[in-house]
Every structure is written in structure tokens, then in C-alpha cells.
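Have a look below at one chain only, the form predicted alone, in C-alpha cells format.
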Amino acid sequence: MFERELATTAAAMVAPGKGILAIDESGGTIKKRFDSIKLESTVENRRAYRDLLITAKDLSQFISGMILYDETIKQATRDGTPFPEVLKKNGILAGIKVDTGAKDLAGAPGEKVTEGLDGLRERLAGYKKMGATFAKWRAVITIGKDIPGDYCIAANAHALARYAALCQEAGIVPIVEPEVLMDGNHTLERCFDVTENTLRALFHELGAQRVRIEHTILKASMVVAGKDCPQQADVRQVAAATIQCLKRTVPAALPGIVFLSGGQSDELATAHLNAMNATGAALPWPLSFSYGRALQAPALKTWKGQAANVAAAQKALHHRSKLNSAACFGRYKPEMEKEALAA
């Protein structure tokens, strides 16, 4: 019923040189962001910050879509224009985070499963009316002693597939995000194995639940060593390992892959994406970005909750987006960071 619409949306999400800005932080996460600039997390402050991001001029050169939070998709600019309407006018797709967070997985100490399937069909219909064209669901995979187990991976893959099937039924493109966390002291090789197992399980389950891969976007983790691992891989090693893992597990029919930053610095997330696209490898899908903090950080630091800083903050967001767009073509260079400092 929605095949043409889904195909059009999916293609637009991963258009050449464009990526996705995630502004779907939960209440707890946005509070931490605001704490860093000593700003209270009130409804109006959150609205004003999202307003800054959503109304930034000329962002559609580099950003194809924005992932909104339930609170945000229902908010509007000061003149009363709904945020999804502003995005559409600016040539940017509106997306929506629909999971309700990762909770403890029964019978599996230290592991999580993402919830939010109850009532999802009805919520998707509502979001569709509000202007959402794509959605996101994040699963959390932790690497530790004897974890993740097959049970945890299977439970999250099953939930992701059920969510994706409901999205496509509603005419909404699903982003499936099985995030393998960077927390821990695991090696790059251990991350590779866990990521490979997770992606194999995910695409098996998507097929079993009749999800159309050609109308689905993968939001993937990069293959990196844990933050506490004494031996950190360099940029080229991360790029090579990530590409090898994806080639082993991701069907060619997928329209595209967008990466999460997962706690990496702004510069490192961009450098890793650039290295993957600079290899010249013939890949069946484009590699792009779907960053949250790694795109927002310069804007947030510049804004500081003050209206007088909005224009400067929007310029910072524009520049960070431009750098990641360059990385989609393998054209990013560290010297480009200095352009922002000079500006």
C-alpha cells in the first residue's frame, strides 16, 4: 500500500552527502546536556533549544531528516508553527523515536531489552498524522563477562523486527538501531564478534517477520574497542573492521546505513566515517551519519541557553553538519576543523 512512499522516503534519508540529526533525547539525557551548560531542563528551555536546531537555515544541504522526541513533535515555534511543518518547509524529513527505553531483561543479569511495543500501531498512526515519515527504535547490547548472551540478542532482534513491521504497515520507514555499547574494556576484535552476531540475528528476524529490507534503514555501531581498553584501534583499523563486519552481515537490498556516534568525540566520529568512505571500496549501500551529541555539541556550547547566541549556535551546527557531509564523500580533512575556530 505504501511501497512507493516508503521507497521515496528511504532514498531521501540517505541521499548523497546527507545524514540525520538525532534530537530525540529522553528527559534524563537532555537534562545531562543542559547540566553541562548550567541550564534548567524546563519544557520551554527544551522547546527553545529544539527550535534553534529545527529552524537553522540551509541545513537541508547536509541534513536529510531529524529524529524528534514525543514531546518535540508536538511542539511549535514561537509563532505557533508545528515543528514537523517547519522541517517539511525546509526540505527536511521529520522522524520520531518510538521506543520507551531499555529495561532490565528478565533472567539475564546485566542485559537490557527495549520496550514500547504495546500500543505502537496506534501511536504510529498518530505520529503519521503529525507529519512523521520515519521512526527509530534503539536496542542496547552490552559487552561484558559472558554477555551478551544469545537470549539478549534474540529478544532485541525480535522487538526491532516487530517494530519495523508495524512502521511499514503505517507507511513509516523504520530505522533499526542495535547499538553495541562502547562501555567496557573489550578489544576491537571482541566488538567485531558481538556486532557480527547481533546484525546476523537482526536481519534473520527482519526476514522472518516479513519486513521489507529495501524500505528499512540500519543505524549501526562502529566496530571499536571499549572505552577502557588499553589498546585503542586507530581510525583506519576502525574503518576496515566496520566495513568488513557490515559486508558479512548486511543485505545488499538495504537502502543505506547511518552510523551512531556512541560516545565518540565530534572529530573522531567524523574521521571514522570519512575513513570508511575514503577507502574506495565498492559497497552496495551508502554510509552516512545519524549523530546526536556529535552534531549538537558545538551548538549547545555556543548557545548556553541565551537567545542572543542562537544565530552563532546555528552556524556551529551548520559547520559540523558540513564536515560530516564531506565525510560521506571521503573528503573530510582535519584542517577543516580550524575553519570553525576561525569563524
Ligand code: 13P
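We number the residues from 1 along the sequence you see. Since we're looking at a predicted model, the values are computed, not measured.
Keep in mind the form predicted in complex with ligand 13P is missing from the figure; the text below concerns it.
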### Query
Picking from 132 to 140, 106 to 114, 223 to 231, 158 to 166, which part of the chain touches ligand 13P in the predicted complex when contact means heavy atoms within 4.5 Å?
132 to 140
### Task
Give a yes or no on whether every one of Glu267, Asn274 and Lys338 sits within 4.5 angstroms of ligand 13P in the predicted complex by heavy atom.
no
### Query
Is there a non-hydrogen atom of Leu218 within 4.5 angstroms of a non-hydrogen atom of ligand 13P in the predicted complex?
no
### Task
May I ask you to check whether Gly262 falls inside a 4.5 Å heavy atom distance of ligand 13P in the predicted complex?
yes
#### Entry: ligand 13P contact in the predicted complex: Gly292, any heavy atom under 4.5 Å
yes
### Query
Would Glu205 count as a contact of ligand 13P in the predicted complex, using a 4.5 angstroms cut-off between non-hydrogen atoms?
no
### Message
If you apply a 4.5 angstroms heavy atom cut-off, which residues in 221 to 253 are near ligand 13P in the predicted complex?
### Response
none
